[in-house]
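In the block that follows, a single chain appears as structure tokens, in the form predicted alone.
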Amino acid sequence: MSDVPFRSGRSLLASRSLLALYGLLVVGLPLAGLAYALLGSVGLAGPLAAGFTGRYWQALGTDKDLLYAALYSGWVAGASVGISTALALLLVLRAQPTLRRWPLPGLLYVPLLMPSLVVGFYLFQLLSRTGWLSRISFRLGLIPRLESFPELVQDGAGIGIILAHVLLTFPFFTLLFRAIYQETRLDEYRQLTLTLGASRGQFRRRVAGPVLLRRAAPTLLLSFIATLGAYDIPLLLGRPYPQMLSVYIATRLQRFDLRELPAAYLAGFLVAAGLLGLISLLLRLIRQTQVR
């Protein structure tokens, strides 16, 4: 019996040590990198540190590239999450029997097993002007030449990037909404609303849809943040301009001109601060969901 308190204390110490290490990795090091980026943007850190200066912050007002990258990233992330959410809701609310019938439940897991770089490469081979669809269309006489095939990858609107993210997130959202649908017993509520005289459309719009979206809101926001900071797919399927934020920052950091580093530090600091703000909103949504 005397060993029980000792083992309990040792287990508690191990748990606290593991928690402290985890906190260091996910909070301490990112905050240290954020501080370094801030110091680099004012000339106090980095290879060109020569004393405090605010000229990089002042130049931010005339440099529109970062703003364009932020707007472009917001468009891609919003469109990707929005389309994936709409498709998943449509399937869950209107095709419950199909979701229970093989092989669709198994097929939904296939994209989740594929790395994002593989998905990007697959879509590039499929949708580019020298890809499979353009060659098949040319052989069938649907287009007069390969150059007539529409730009679906490396296009200005980011269609290829959006398609890749939809392919990755739509199955996950479908599985998530299906789990919430079953957990909240929405099928029983559907029978009740139909008995009370409501139509199927009213049940989907006023009961099922709001419940699914409210319960899944933290995950949807997390997917938006992840898409906003994606790198592999935008690098492969995007254009040199406009660029998504991650590609924009990485390009500036990797240039041979060291004079670009402070501006890259500034861009990285602003983007990281914005993402931290979104993450704090995500944590607040999670707490509200748990309270409900």
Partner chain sequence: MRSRLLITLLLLLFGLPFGLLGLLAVGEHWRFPAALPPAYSLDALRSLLAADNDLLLGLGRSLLLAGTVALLATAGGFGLARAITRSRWATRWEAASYLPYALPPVLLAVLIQPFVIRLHLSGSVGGVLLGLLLVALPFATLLLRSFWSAQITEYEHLARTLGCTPRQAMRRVLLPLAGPLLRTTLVQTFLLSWFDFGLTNVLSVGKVHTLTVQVFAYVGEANAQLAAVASLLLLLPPAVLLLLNKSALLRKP
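Only a predicted model underlies this, so the values are computations on that prediction, with no experimental measurement involved. Numbering follows the first chain given and starts at 1.
Beyond what is shown, the protein has a form predicted in complex with its partner chain; the following relates to that form.
**Q** Partner absent here, but in the model of the complex, which of 177-185, 93-101, 73-81, 205-213 has residues with a heavy atom within 4.5 Å of its partner chain?
**A** Going through the listed ranges, the match is 93-101.
**Q** Would you check, heavy atoms only and a 4.5 Å threshold, whether residue 189 touches its partner chain in the model of the complex?
**A** Residue 189 lies outside the contact set for its partner chain.
**Q** Does residue 60 reach its partner chain in the model of the complex, with heavy atoms at most 4.5 Å apart?
**A** Taking the distances in the model of the complex, the answer for residue 60 is no, it never comes within 4.5 Å of its partner chain.
**Q** Can you tell me if residue 263 lies within 4.5 angstroms of its partner chain in the model of the complex, counting non-hydrogen atoms only?
**A** Result no; residue 263 lies far from its partner chain in the model of the complex.
**Q** Would residue 54 count as a contact of its partner chain in the model of the complex, using a 4.5 angstroms cut-off between non-hydrogen atoms?
**A** Outside the cut-off, so no.
**Q** Run the contact test on 115, 236 and 250 with a 4.5 Å heavy atom cut-off to its partner chain in the model of the complex and return yes or no.
**A** The answer is yes: all three residues contact the partner (heavy atom, 4.5 Å cut-off).
**Q** Within 119-144, which residues come within 4.5 Å of its partner chain in the model of the complex, counting heavy atoms only?
**A** 121, 122, 125, 126, 129, 130, 132, 134, 135, 136, 138, 139 sit within 4.5 Å of the partner.
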